[in-house]
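What follows is one chain in structure tokens, specifically the form predicted alone.
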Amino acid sequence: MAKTVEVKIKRQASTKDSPRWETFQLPYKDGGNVIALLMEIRRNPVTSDGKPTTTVVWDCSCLEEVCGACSMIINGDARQACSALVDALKHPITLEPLSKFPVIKDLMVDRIALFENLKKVKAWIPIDGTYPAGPGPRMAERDRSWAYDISRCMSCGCCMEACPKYNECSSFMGAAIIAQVRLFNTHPTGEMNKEERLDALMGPGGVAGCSNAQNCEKVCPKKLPLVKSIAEINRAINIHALKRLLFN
């Protein structure tokens, strides 16, 4: 008998619909990942009890853990489906959508809140393009090394999923947003908007909302220094607030 893989998927037709579970018995392929399993269901959408069903909806792009689009809960952990190898997972494999974002359909969620929060903290370097910018100023190696790590953030949402303070009852923006503030405030050009970013994190949803659970760093696919970044920004905010108090 050919080897198979049992996959249980939490499905939801839309944000307003109730979720349901469906089980699939799929052919085993050596070296396959979760995306390969979902593609097999797309090819033949039949449940383990032989009932035809609709194809499962999910999100993906790069298939090499760079874009962050295929985030989902796999066997209870928030992670990327493209890097989740079948051979390394406990069976049966359970797939669920991220719970901290609205479900669009099945395993696809709406992460717009994450990107709106990036806008709030101006997580970019404003260059108007009206003159040749050139190569830009150099960064000290002591800053460049950790800044490169943070620049690898995929905005995947895993840190938000694991954070107990990121929920519908809280306005906390999450570790990824705070880390991006640290990244752009350290950049020689981005530093000119440093105070605006710190002001944003002093308000609702800012650093004060962090409970120091440190779950964010544990689940981060890129192993970013999120806890240290939060601590550094917290320190910068205290200095910023003190300067405001003394000199304004």
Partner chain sequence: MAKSKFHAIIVGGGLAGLMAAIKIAEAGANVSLFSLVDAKRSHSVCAQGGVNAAVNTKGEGDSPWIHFQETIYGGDFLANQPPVKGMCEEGPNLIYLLDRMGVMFNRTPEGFLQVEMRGGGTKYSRGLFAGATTGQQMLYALDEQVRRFEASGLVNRYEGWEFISIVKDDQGVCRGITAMNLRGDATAQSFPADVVILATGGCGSLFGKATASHICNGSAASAVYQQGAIYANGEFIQVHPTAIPGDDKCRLISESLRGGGGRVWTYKEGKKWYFLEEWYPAYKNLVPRDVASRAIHKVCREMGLGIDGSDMVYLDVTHIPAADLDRLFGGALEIYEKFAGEDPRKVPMKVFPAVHYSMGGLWVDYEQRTNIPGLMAIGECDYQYHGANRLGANALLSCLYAGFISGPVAIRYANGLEKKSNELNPGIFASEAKRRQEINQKIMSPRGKENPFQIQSELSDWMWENVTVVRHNDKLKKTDEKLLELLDRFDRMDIADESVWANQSLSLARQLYNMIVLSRVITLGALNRNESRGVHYKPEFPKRDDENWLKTTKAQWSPGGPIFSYEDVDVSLFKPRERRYDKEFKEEK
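Numbering follows the first chain given and starts at 1. Because the structure is predicted, anything quoted here is derived from the model rather than measured.
From this point on, the text means the form predicted in complex with the partner chain, which you will not see here.
* Proximity of residue 132 to the partner chain in the predicted bound form, heavy atoms at 4.5 Å -> Because a heavy atom of residue 132 falls inside 4.5 Å of the partner chain in the predicted bound form, the answer is yes.
* Asked: Is residue 151 one of the residues lying within 4.5 Å of the partner chain in the predicted bound form, judged by heavy atom distances?
  -> Yes, residue 151 is a contact residue.
* To do: Give a yes/no on whether residue 90 approaches the partner chain to within 4.5 Å in the predicted bound form, heavy atoms considered.
  => Looking in the predicted bound form, residue contacts with the partner chain do not include residue 90, since no heavy atom lies within 4.5 Å.
* Using a 4.5 Å heavy atom cut-off, state whether residue 26 contacts the partner chain in the predicted bound form. => Flag for residue 26 set to no.
* the partner chain in the predicted bound form: within 4.5 Å of a heavy atom of each of 55, 104 and 184? -> Result yes, every residue of the spot touches the partner chain.
* Asked: Among the candidate residues 162, 108, 73, 86, which is the single one with a non-hydrogen atom no more than 4.5 Å from the partner chain in the predicted bound form?
  -> Among 162, 108, 73, 86, a heavy atom within 4.5 Å of the partner chain in the predicted bound form occurs only for 108.
* Within 69-83, which residues come within 4.5 Å of the partner chain in the predicted bound form, counting heavy atoms only? -> Residues within 4.5 Å: 69, 82, 83.
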